[in-house]
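Next comes just one chain, in structure tokens: the form predicted alone.
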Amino acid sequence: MSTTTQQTAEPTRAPAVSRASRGLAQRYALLGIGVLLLLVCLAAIPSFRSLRLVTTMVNGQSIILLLALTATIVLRTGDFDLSISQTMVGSAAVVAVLSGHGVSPALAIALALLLGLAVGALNALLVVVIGVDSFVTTLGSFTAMAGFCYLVTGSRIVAGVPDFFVNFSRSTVAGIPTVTIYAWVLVVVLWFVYQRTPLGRYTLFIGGNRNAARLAGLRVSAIRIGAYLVSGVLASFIGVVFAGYFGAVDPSVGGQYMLQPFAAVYLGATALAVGRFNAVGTLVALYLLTIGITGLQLLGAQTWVTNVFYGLALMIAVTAAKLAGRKTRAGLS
């Protein structure tokens, strides 16, 4: 009888092991590609073997990492917030202009955060309360904020941001710039919320099946509204960091920060927590993209290659995230 039991158990154990192996391969494939790409760049490009270059790469991507992490908040609920990059620039413009007119840093920061809260509230009103498509709504608020930036700055670059803001973004702790520390802290905070709290599971549930989440008793509308408000305020905080990091605000740069965060977010959804927008996967994806771009630039690639690289990466990432999401749902069904 024991022989019979053993014979019937073997066929089920093998597929289980196979599924586990495939799961591990999917979870860590992106990380493996990143490590492999880094090793190739180190071997093929002598100038890549520089600690200064590595720190420059990491610190230079901190603003984009902050935006990418912010983008995951609304994406997990099944909506878009395309306005975050332009809200960032608008808040930076408010801070730069007000501080240039002698307004105290505390008041300038408070007004910038209120601007982000207002943009988030407007997005939430149109998307959640009225039911307008989130892509169209936030694209509209992105465009409106672009016009607002030109209005506030008088269509010129605002330079001479006070030292308070510069120190807020550029001062170092143990040799690490605060702008990078802010980004890494946000990675940890969002990882904890997404992985260790009921709210993280709720947002995932809402993003996967909104009607089922509502039937399960979740406060779907309240959570979606909260996601937009948090997204808007965080985008404004990034604007404060942005103003200090660059020491000036160009009202025309919002579009340059629109696609890169979403490329990292969607590519990050294919790693670690496959099929889900997650914080650590976003971090890994952004650094992988940065290694690729930097390697191409060091090999003499033209500037336009960066846009082509990010555009293709976004298309590949969206496709991969879509396929990963289908497999995840199939595994759960």
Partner chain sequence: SATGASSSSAASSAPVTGAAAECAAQAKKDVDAKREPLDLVVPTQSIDVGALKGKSLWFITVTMNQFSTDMAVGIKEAATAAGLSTVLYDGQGSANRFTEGMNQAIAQRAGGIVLVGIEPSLISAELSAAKAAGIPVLNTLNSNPDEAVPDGMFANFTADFTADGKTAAEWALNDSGCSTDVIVVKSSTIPVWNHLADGAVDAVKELCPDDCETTVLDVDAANIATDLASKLQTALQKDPDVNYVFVVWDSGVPYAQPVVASSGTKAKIIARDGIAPSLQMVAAGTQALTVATPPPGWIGWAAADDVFRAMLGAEPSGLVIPTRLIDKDNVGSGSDADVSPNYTDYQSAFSKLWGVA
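Residue numbers count along the first chain shown, from 1. Worth saying up front: this structure is predicted, and the values here are computed from it rather than measured. Between two forms, the rigid core is the largest collection of C-alphas that superpose within 1.5 Å.
The form predicted in complex with its partner chain is left out here; the points below concern that form.
Annotated contact segment (heavy atom within 4.5 Å of its partner chain in the predicted complex): 253-261, selected among 253-261, 91-99, 233-241, 110-118. A heavy atom within 4.5 Å of its partner chain in the predicted complex is found for one listed residue only; from 42, 29, 53, 280, this is 53. Within 4.5 Å of its partner chain in the predicted complex, a heavy atom is found for all three of 150, 246 and 298. Contact check for residue 173: no non-hydrogen atom falls within 4.5 Å of its partner chain in the predicted complex. Its partner chain in the predicted complex comes within 4.5 Å of no heavy atom belonging to residue 35.
In the predicted complex, its partner chain lies farther than 4.5 Å from every heavy atom of residue 284. Looking at residue 155, you'd find a heavy atom of it within 4.5 angstroms of its partner chain in the predicted complex. Scanning 51-78 for heavy atoms within 4.5 Å of its partner chain in the predicted complex gives 52, 53, 56, 57, 60, 61, 63, 64 in sequence order. If you fit the rigid core between the shown form and the other one, you'll see the Cα of residue 302 move by 2 angstroms or more. Relative to the superposed rigid core, the position of the CA of residue 56 differs between the shown form and the other one by less than 2 Å. Relative to the superposed rigid core, residue 280 undergoes a CA displacement smaller than 2 Å between the shown form and the other one.
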